[in-house]
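Take a look at this one chain, the form predicted on its own, written out in structure tokens.
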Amino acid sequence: MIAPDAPILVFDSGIGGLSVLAKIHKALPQAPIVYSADYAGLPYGEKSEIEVATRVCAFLGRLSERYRPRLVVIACNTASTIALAHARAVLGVPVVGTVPAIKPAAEQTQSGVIGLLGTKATIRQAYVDRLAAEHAEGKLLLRHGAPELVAAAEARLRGETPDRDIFTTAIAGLANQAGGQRIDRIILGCTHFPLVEAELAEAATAAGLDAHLRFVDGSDGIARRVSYLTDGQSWPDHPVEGIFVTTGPVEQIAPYRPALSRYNLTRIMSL
């Protein structure tokens, strides 16, 4: 029997997973949440596969011992494409991963050309090759590593205004490839990226991309999966205070507190 106060553990290298948490909150407003950010290890996209897998599994193991979650969401594309199988092997609860939304993008495209923005680690993964082969046969998938968007999203959540050139450069990385001007779906292959979707849309318009261009991410699918896996379980009678756990100094989180409070993450602590 799962206790009503057993939380959903949402994990990311930083605050990008808030884009996923927003959809989980909408689907399950009374779910207790522990959100964990590995700020001491940010950015994951620049690390080796072994480093990411080892770090993620060790971190999730410690968090699971402390908070006894009913389910874990790895709200990070890089961590999921590298460490999802490892995490499922060592944790005793369901683990929901985040992978680039190639399938829905391939189903939606009219032009047959899809863009993928991700970290450098994500776009080079064989996992992405397999998703493309399985779901996007006959489509042109263009990839571009845009790690600078992670920092831009983090800045946005601190209340700062990111440099617009960051978004222009990211879109150009796709648009300037052969066939890039025909892109009508761009996959946001990092959970940080939906937090700056408006800026990316503005840059895409300025670059003259398809007027029917849409951005696609996997957050809706993750929320549906979490709802399915917790169907019939008990929850608290009313929303409870959420917990934000960081591997970095608690003082580092101060600029994010206003944004975190919008997600009911008001208890800030370190691991």
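Numbers follow the displayed sequence, beginning with 1. Worth saying up front: this structure is predicted, and the values here are computed from it rather than measured.
A second form of this protein, the form predicted in complex with D-glutamic acid (DGL), is not displayed here; the remarks below concern that form.
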- Note on the structure: Partner contact check in the predicted bound form: of 87 to 95, 157 to 165, 177 to 185, 115 to 123, the stretch with a heavy atom within 4.5 Å of D-glutamic acid (DGL) is 115 to 123
- Item | Option touching D-glutamic acid (DGL), based on a heavy atom within 4.5 Å in the predicted bound form, out of Gly45, Pro69, Gly218, Pro32 | Gly45
- Query: Does Val150 reach D-glutamic acid (DGL) in the predicted bound form if we count a contact as any heavy atom within 4.5 Å?
  - Reply: yes
